[in-house]
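Here you get one chain, nothing else, as C-alpha cells; it is the form predicted alone.
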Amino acid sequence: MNRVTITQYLTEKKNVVDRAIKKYFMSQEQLFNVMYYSVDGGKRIRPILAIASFESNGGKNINEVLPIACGLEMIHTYSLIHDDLPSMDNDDFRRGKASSHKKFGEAMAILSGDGLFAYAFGLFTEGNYLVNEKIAVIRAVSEVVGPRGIVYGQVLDITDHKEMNPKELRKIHLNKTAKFIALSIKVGAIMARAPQKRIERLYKTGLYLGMLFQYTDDILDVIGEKEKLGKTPQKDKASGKLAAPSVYGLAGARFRAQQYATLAKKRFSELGAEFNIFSQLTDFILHRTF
C-alpha cells in the first residue's frame, strides 16, 4: 500500500465517520450547535484506528463499531475544547477556526465539552447487540480518559516544570495522548470479538503509536504551519511547556519519533498480514504535516 492509497483510505474512513457524527447533531438546540461546531473538522485519527482495528480483527459490519468510533471523537473533541481554555493552553485557534471559547464564550465552551463527554457514553451503549463487549469498551474508555489517563496527563502538562526531565515528559505523553490512541485500537478489537491476548497485545503496541503521535505533534509545534495544522504553532516554547524538542532538541525528537515508529511497525507486523494497515498508518503519522 503506497502513500496515495493510505491517503485514500484515511479520506474514505473520515467521510464515513463525518457522516455518522453529523446524524447525532440533527437537533437545532443551541448547545448541540455549539458542540457540533467543535466536532466538525479534524483528522478523525482515533475513530479511524477503531474502525481499522475492528476490520483487521475480522469485524464485518462497520455499524457495530461506528457509534463507538464517533464517541471516541466526541471525547477527543471535549479534551481539545477544555485544553484551549485560557486557564489551560489558552489557544484561540483550533481545527482551522476560532476555538470554542473565542466563538461562544468560556461558559458555553466548558458546557459543550461536558455535553460531548456525556453524549459519547450514550453512543457506547447504542443498540441491543454485543452488550458484554460494550461493557468492556465503557470500562476501557473510563480508565483511559479519566484521572489515570487524559485528565492526569493534562494535570502534568499544566504543571510548572523547572527541569527538562525526560521521565516526566514520557509520563505526560503516555497519559495525555498515547493511552487514548492505544485505546482506540483496543475498542475496535473488543467489538470484533478478538481474543483477549490479542486485544492486550494491540493495546501495548498502540502505546508506541500513541507516543509517536505525540512526538510528531511536538515537532510540528516547532516546524508546522498554522494553515496546515489548524492550530497555533510554537505554543509549547512560548508557554515554557515540557515537550520533546525542548528536552531532546529537534533532531533528538525526530530520532525518537522514528524509534517509536520502528517499534510500532515491528509489533504490528508480528500480528500478521491482516494488520498491514497499521504499518501504513504508522508511516503516515511519522511523516504527517498536519
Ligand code: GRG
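For every residue, the number given is its place in the sequence shown, counted from 1. Model, not experiment: these values are computed from the prediction.
The discussion below concerns the form predicted in complex with this ligand, not included here.
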item	value
Stretch from 147 to 155, 162 to 170, 130 to 138, 196 to 204 whose residues place a heavy atom within 4.5 Å of this ligand in the predicted bound form	147 to 155
Within 4.5 Å of this ligand in the predicted bound form, all of Q8, K13 and D283 (non-hydrogen atom)	no
A118: touches this ligand in the predicted bound form, heavy atom cutoff 4.5 angstroms	no
Non-hydrogen atom contact S99 with this ligand in the predicted bound form at 4.5 angstroms	no
4.5 Å heavy atom contact, K179 and this ligand in the predicted bound form	no
4.5 Å heavy atom contact, R256 and this ligand in the predicted bound form	no
Residues within 4.5 Å of this ligand in the predicted bound form, restricted to 57 to 79 and counted by heavy atom	E73, H76, Y78, S79
